[in-house]
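Just one chain is shown here, as structure tokens, and it is the form predicted on its own.
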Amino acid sequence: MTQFKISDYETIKNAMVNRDLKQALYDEGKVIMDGVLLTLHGEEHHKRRKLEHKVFQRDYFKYYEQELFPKTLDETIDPFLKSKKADLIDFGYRITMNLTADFAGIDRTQKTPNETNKLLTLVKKFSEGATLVHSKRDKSIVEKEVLDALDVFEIDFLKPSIEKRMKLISAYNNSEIKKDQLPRDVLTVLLMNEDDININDDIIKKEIAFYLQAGSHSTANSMTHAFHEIANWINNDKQKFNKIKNDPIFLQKCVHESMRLHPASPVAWRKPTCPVKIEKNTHLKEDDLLVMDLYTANRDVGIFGEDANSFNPDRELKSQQNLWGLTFGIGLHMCFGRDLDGGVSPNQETDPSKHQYGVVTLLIKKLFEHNVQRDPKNKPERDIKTERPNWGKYPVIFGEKK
């Protein structure tokens, strides 16, 4: 096997839409990623994506953001505000785990701190398994821990959620309730399986676990990176702080700029299903591996300007170019949660009162409303368990609401 690495922005774009290249980054994380949507290819991927797309419509994300998210956010942030401190990674996981559980279809019947902590522990373990390729720990130990976590998840969370939905689906099939009375979540869609595709119980378990970890892991890290970049940019400048607080469209632009600099995965891997030509002198055989350096591509000066390595929320790009670059991917494996996390890119006609900002922007907005600051007594630390450039902890304190 020969490994090819590319970092040119346009070359990666072309590779991402090439249907002869399949996902390969999560091969080592098969313990949880084998058979989930993200790792499927070809007709299998098309059928699963078509089925699950019944949930992921833009109107749903807008409803989620404007109707469900504010209540969940207030409930989650309240104890942190009372204690006047938080770790952004922990806070980010808690809020996004609850949101992700809702659209994945996992019920939290007890609504207790113990229940939340148990699910949070499981979700963090799923994330560790999914990103096993970048783990610095003994991978066999991690795999065993993930399998144990999946067993606990199945008994304590998945089975009760399935039983509830199967009763509702039965009621719908017997014309006792209407379809719009069914839960609008991934688990319900998979259990109904209206497209009659091949899905077994193990696939359902892994698919739901995948959604839980993907939604919470990437969003928590994106939020923390965005806060870090924005706080550095403000640097005690009252005028900049007021702009962040009073202009949500500009704040969303700041978040997109941070997402460009800090893609959830710094690389994407692909393997060819047949001989593939990537560049003029790059020919891949079926056993080869293509490593796409998203981190470098997102800092391409030809696309993003001479200051591409810097955080610049005033950056102007061509109208067809997304400020977040390749962070969400494009083509078949574009991130399903792009609009949920990042919102919709605004234009000159955008009405701020009706705009979809994405949950990361709304999280940052809420933090700054409560005058969040880095804890001067506790410095943030990088995550040493992974090669990914994420924060391991990021202590903050809250002031009076402004």
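Residue positions are given as counts along the sequence shown, with the first one as 1. Computed from a predicted structure; not experimentally measured.
The same protein also exists as the form predicted together with ligand HEM; that form is not shown, yet it is the one meant from here on.
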Query raised in the report: ligand HEM isn't shown here, but in the model of the complex, which of 192-200, 324-332, 229-237, 301-309 has heavy atoms within 4.5 Å of it?
Result: 324-332
Query - Candidate site 72, 120 and 365: all three near ligand HEM in the model of the complex by heavy atom within 4.5 Å - result: no
Query raised in the report: residue 357: heavy atom within 4.5 Å of ligand HEM in the model of the complex?
Result: no
Query raised in the report: Can any non-hydrogen atom of residue 340 be found within 4.5 angstroms of ligand HEM in the model of the complex?
Result: yes
Query raised in the report: residue 18 near ligand HEM in the model of the complex, any heavy atom under 4.5 Å?
Result: no
Query raised in the report: Taking heavy atoms and a 4.5 Å cut-off, does residue 258 contact ligand HEM in the model of the complex?
Result: no
Requested in this report: Just give me the single entry in 252, 224, 100, 127 that has a non-hydrogen atom within 4.5 angstroms of ligand HEM in the model of the complex.
Outcome: 100
Query raised in the report: Of these, 370, 62, 374, 49, which has a heavy atom no more than 4.5 Å from ligand HEM in the model of the complex?
Result: 49
Report task. Go through 199-232 residue by residue and record those having a heavy atom within 4.5 Å of ligand HEM in the model of the complex; state none if no residue qualifies. Result -> 210, 211, 214, 215, 218, 219, 222
